[in-house]
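One chain is shown next in structure tokens, namely the form predicted alone.
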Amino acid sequence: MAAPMLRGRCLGRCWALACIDSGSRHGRGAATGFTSSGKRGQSFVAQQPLLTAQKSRKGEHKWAAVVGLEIHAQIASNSKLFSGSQVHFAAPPNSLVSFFDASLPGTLPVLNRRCVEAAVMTGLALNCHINKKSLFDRKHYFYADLPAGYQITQQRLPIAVNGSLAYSVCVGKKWRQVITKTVRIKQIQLEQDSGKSLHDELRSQTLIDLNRAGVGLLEVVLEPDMSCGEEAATAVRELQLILQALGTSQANMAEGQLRVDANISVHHPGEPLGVRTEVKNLNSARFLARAIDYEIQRQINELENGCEILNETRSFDYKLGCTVPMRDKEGKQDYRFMPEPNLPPLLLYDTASLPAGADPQQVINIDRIREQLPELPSETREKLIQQYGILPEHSFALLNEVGLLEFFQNVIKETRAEPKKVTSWVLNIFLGFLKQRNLAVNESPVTPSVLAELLNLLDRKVISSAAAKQVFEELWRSKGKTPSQIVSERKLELMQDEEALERVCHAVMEGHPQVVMDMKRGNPRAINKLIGLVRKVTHNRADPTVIKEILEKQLSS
């Protein structure tokens, strides 16, 4: 059978990074204050035993937790998976709906080439085997936001299988104690998204928005190789960074572009696995970690109190910090999977198997996509450590914040300051100001050029560290001014007249004889106190190193 016709690729890549602490909820019966509904269905994750045990109180048996994830990432494409409708977040309701999206009779699916390429690229980046032949299926279930009564997915033979995702977790209180773990990837499949059901509680009615219906999704199924919320959240964050680096998904959890279902059970090591529950539609890494850890402890408490764990679907109420039941799964739903009759098998090729004279617009070459793979986050972190000599935890911080790495690299290009000093300023002072004001990096009034100029002044010892911080604060308030202008206006330059500084040091020593005596007796804190007093007199315009040298010289004379 011939390969399906492919629509043309969309132009450009989407590189926006994600905010992961808040956002919209996707899924029927959401319990986090949001009322949109969407994807439903059975879990594809098969549980495997895990040896990591939860901490137990003295005299109690240890419990082992088993956690697997199903992650749905919205593909970054200009149009939907099987129709030409545009993909745009927050468009007016039902303004981006084609006849096919609305499931009108006589309409047929046309596969989006961009979505297939995104799936192949993601599979390659995640060390998957790419199936040269994959199949589409219909998964039947009935809900108002699924007009056709079925979802087109890849249940029998997905596009990518048997991959792995490496992620790093903290094993102590300091990020310097980092270990790398790997979670297996069972499969990656292409499928349609559903629409949204918007529940109006005041009017007791449900409204349907089909803008999202038919948007292409990548479902990434992670094997249950994790044992706690921290591991799961870290793995999801790493996948998020990979998708963003590839440009295959914006993965913005706040906009529902990355949604996670967690499958959780507990058991005693060496005993059969416990009954699994599924927590649906988690829309932030923080909520994911909290939901999993709560559910693990809830199941342990239930079992220790003689109760049974129900095979059910639950949702996470972020206000209460707990999971709540949605529906039970004891009676297994029959999705009546069947081959999609309107889509032939999807055939992919590598360089060796590419048919002679094939139209490049109608075939997808796996090897060519492999050549286009960009630098992945793990490689970027390693390069930062090697190139700039920064700590591993700093490399994670630079990548985890949206746009921060680019900001850092632009500062490095324009300053003579040491990379470690730049790192300290970017992560501690610059990022701290952003957090206090709840701003993104691209909203900062301080540009990389301005920060580089400030660090150059500090590096040339024109100003002290304390003065540099004052200038930085003023830069946030006085947009348009340069660091040099602020230094000149506020007279923050370091004292260059060493004789005048010697007189100040002498006067301070004469005015504090007891501190001088303590210093002579070898009290290390005494000289620091004198340095502080001199800096106070000079309004922080004296270099602490120079002050210390003068004080030690005068003390020995």
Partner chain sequence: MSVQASPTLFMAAAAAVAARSDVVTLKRVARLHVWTHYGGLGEKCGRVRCCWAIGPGWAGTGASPPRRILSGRVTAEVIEHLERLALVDFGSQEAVARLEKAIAFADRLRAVDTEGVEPMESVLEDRCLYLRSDNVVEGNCVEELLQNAHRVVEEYFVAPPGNISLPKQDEQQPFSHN
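Positions refer to the first chain, counted from 1. Note that the structure is predicted; figures quoted are calculated from it, not measured.
Keep in mind that the form predicted in complex with the partner chain is missing from the display, and what follows is about it.
Taken together, the three residues 95, 110 and 148 all come within 4.5 Å of the partner chain in the predicted complex, as judged by their closest heavy atom. Residue 156 is the only one of 469, 298, 268, 156 with a heavy atom lying within 4.5 Å of the partner chain in the predicted complex.
For the options 102, 439, 310, 354, the residue carrying a heavy atom within 4.5 angstroms of the partner chain in the predicted complex is 102. Just one listed stretch, out of 135-143, 313-321, 389-397, 479-487, contacts the partner chain in the predicted complex at the 4.5 Å heavy atom level, and that stretch is 135-143. Among heavy atoms of residue 287, none comes within 4.5 Å of the partner chain in the predicted complex. In the predicted complex, none of the heavy atoms of residue 451 sits within 4.5 Å of a heavy atom of the partner chain. For the chain shown alone, residue 114 is a contact residue for the partner chain in the predicted complex, at least one non-hydrogen atom being within 4.5 angstroms. A residue is said to contact a partner when one of its heavy atoms sits within 4.5 Å of a partner heavy atom; residue 194 fails this definition for the partner chain in the predicted complex, lying far away. Taking a 4.5 Å heavy atom cutoff to the partner chain in the predicted complex, the contacting residues in 337-358 are 337, 338, 339, 341, 342, 343, 344, 345, 346.
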